[in-house]
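One chain comes next, on its own, written out as structure tokens in the form predicted on its own.
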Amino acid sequence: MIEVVNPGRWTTIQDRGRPGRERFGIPPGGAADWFAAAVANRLVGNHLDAAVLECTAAGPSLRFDSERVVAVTGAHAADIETWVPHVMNRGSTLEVGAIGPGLRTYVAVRGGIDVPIVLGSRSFCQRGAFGGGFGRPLARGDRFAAGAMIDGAPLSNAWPDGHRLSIGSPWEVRVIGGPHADAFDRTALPRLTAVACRVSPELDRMGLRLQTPGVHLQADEILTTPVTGGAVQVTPSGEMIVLLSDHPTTGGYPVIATVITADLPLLAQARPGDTVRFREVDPAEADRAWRRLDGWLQLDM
């Protein structure tokens, strides 16, 4: 078993989520930085969809009652080397510590974190307060087991620097045009991509707010419509909301652009006060970017 000695700031259990259930009002969820979570699993020899810990702002302290291989990826962790496998001896304690630059780190344990599957996933759903083993973030004294989601041997070396995403502000995030172009004038998206946006303190796993100093985008009203992760919504006040993993399944704000899947991990790492710049690309580049990351995950290291 693994015991939570200190839960950190906001530590939850996440896997690849619940895609395909949005029509029932259930957000897809899963790891906000899906790439870092997948690399953590690769490092310890797990299936890529094994459950991991997602740690926000400050990571946990975990005590192990048996020897386990672990890996920590994503944002920098103050108390442990990231992007490399570690062997935790029986009775030892893993300390993650403060997180940054970046906002989220991921802890994978060989075999995966074994908590009950709810609606096809072990992920904690913030909006519904279910899943993740406890229906909430981890708390001091929680205990959970490692499972059998093993796909191969742990890697013997650190994950190569050239196959990691660069973590730090300013963030350059690629977008494709959104589905509600008719709700904006034709200068709206060029003006958006020409300005540096600032991340508001209002952020969580559902989404983050962006402030655009000097730029006010106005849009026509739309009917409530399905939305997806990465959707860049524009509110009546001209503020923007970018949807993340636990986003609502419908929304009433027009969507000016959509962040490509390959760059969603970058937004998952953005902290309040960080700068985000959007760059418009075509769907072909978005597809190439996703295939590039997927190819990294399949490499024989």
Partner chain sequence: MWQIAAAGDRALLVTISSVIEPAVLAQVLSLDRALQERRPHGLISTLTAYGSLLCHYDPAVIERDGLAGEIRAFEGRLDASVPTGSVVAVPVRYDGPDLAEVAAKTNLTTAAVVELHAGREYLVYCVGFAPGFTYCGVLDDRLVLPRRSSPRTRVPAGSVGIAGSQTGIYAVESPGGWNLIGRTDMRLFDPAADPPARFKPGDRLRFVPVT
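Positions refer to the first chain, counted from 1. All of these numbers come straight from a predicted model, not from anything done at the bench.
The same protein also exists as the form predicted together with the partner chain; that form is not shown, yet it is the one meant from here on.
Stretch 126-134 is the answer when you ask which of 71-79, 160-168, 126-134, 100-108 has residues with heavy atoms within 4.5 Å of the partner chain in the model of the complex. A286 belongs to the set of residues with a heavy atom inside 4.5 Å of the partner chain in the model of the complex. Mapping the unseen interface onto this chain, G207 falls outside it, with no heavy atom inside 4.5 Å of the partner chain in the model of the complex. In the model of the complex, none of the heavy atoms of L266 sits within 4.5 Å of a heavy atom of the partner chain.
Taking the partner from the other structure, the partner chain in the model of the complex has a heavy atom within 4.5 Å of a heavy atom of T249.
Here the marked residues V44, G112 and F144 all miss the partner chain in the model of the complex; none has a heavy atom within 4.5 angstroms. Comment: the partner chain is not present in this chain, but in the model of the complex one of H86, R191, R198, H180 has a heavy atom within 4.5 Å of it, namely H180. In terms of contact with the partner chain in the model of the complex, the residue from A219, L138, L94, V227 that brings a heavy atom within 4.5 Å is V227.
Of the residues in 23-61, those that come within 4.5 Å of the partner chain in the model of the complex through at least one heavy atom are, in sequence order, R23, F24, G25, I26, P27.
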